[in-house]
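Just the one chain here, the form predicted on its own, laid out as structure tokens.
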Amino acid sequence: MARKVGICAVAQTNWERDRWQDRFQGMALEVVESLQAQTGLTFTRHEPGEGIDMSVSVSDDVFDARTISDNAMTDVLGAHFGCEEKVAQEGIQAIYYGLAAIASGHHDIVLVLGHCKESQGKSRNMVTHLAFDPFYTRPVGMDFCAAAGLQAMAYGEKSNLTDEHLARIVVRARENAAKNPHTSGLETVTEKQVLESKMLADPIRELHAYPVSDGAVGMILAAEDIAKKITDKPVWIKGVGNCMDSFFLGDRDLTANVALRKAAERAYGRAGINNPAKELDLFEVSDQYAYQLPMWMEGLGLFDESRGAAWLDEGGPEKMNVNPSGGMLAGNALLLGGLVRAAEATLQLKGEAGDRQAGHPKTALAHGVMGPAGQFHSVVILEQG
């Protein structure tokens, strides 16, 4: 029988536009020291449950501008004393890795830590450009932003989303970000400012896109018996699911949410959820672009197909407690969006989200996405201990 796994502590740095003064290791150390202070754990293990016995890092060679990006992190991660593994895609996958390691009985306590400095590359779009094949789609200049523009146009027509709807999404995200101490450097904006911001990839405007972000985030996972000793407020991982759509954009219906629907179905099934709209109290969704907030919520099965605009007009984001943290539009690195969503959902379930606390949720969903136009989706269901 698989062991029950809980999140015992979370920590993150401030998310800034350019942390030029900080090395990767410095950002990571800030997170590790916070996690150790919260749990009292060390990297030295004498008996089961006494110390961290596995680390899972999240980083990317291209964003880090070095090969084997986790290599320089081993001292900070304590991996010179034990097992260290790396996730190089969407950060929430590190939770899957740690969950599997503990539930299977191979490890008892896992440190998850992700870092990224998007600012140091010449262009974020140049990095995501490399995700496309070198023969057909790179030569025409495809990157994640251009692909999102194609998807936004198609989904907007299908669901009656207007520029005004997108502006309202951004304004709300910035207002929520103002309550979040980890995104304190992001200014609030007006609908007029959003509507007048420059076009990136029609219909995506500059303020529709998540801002360039540098920072780090981490958490401690542990088996049930140990988690209850480490913290009096563990958050249990109840269900997980992921799915990847076809590689070529031309092989996909960009408005169908195929991968997200399948990922959500798997997570709901494992968590025993039949009606997510009624059984989940809070949602942290990775909205890299404004149009994705209603689109991903539709894909999660929270309302009927093509009702994105109507859901927004009815106050859906507020009624369903969607992204009280500000979401990715508040500024988190692409690589770490889902991991931050899980960290924020955990804080909400613990009642430790400060000014951004959204009532007293008992269940929450954290979502991560990677790849062009939502190619790869991951869903994690969390429950209050």
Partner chain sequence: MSKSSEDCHVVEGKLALPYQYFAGRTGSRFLISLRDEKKIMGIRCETCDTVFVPPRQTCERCFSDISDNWVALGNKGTVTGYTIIRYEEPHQPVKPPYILAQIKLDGADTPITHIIKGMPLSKIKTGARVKAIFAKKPTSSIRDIEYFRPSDDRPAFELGYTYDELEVGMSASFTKTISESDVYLFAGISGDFNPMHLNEEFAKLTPFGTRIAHGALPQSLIAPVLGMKLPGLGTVIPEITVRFRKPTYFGDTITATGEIIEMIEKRRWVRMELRWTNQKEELVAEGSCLAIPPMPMGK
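Numbering follows the first chain given and starts at 1. Keep in mind it's a predicted model, so treat the numbers as computed, not measured.
If you look for the form predicted together with the partner chain, you will not find it shown, but the lines that follow are about it.
Contact with the partner chain in the predicted bound form, defined as any heavy atom within 4.5 Å, is confined among 83 to 91, 311 to 319, 129 to 137, 188 to 196 to 129 to 137.
Taken together, the three residues 125, 150 and 251 all come within 4.5 Å of the partner chain in the predicted bound form, as judged by their closest heavy atom.
By the criterion of a heavy atom within 4.5 Å, residue 37 is excluded from the residues contacting the partner chain in the predicted bound form.
In the predicted bound form, the partner chain sits beyond 4.5 Å of every heavy atom of residue 272. Residue contact with the partner chain in the predicted bound form: residue 157 places a heavy atom within 4.5 Å of it.
For the chain shown alone, residue 202 is a contact residue for the partner chain in the predicted bound form, at least one non-hydrogen atom being within 4.5 angstroms. Among 76, 145, 212, 230, the residue placing a heavy atom within 4.5 Å of the partner chain in the predicted bound form is 145.
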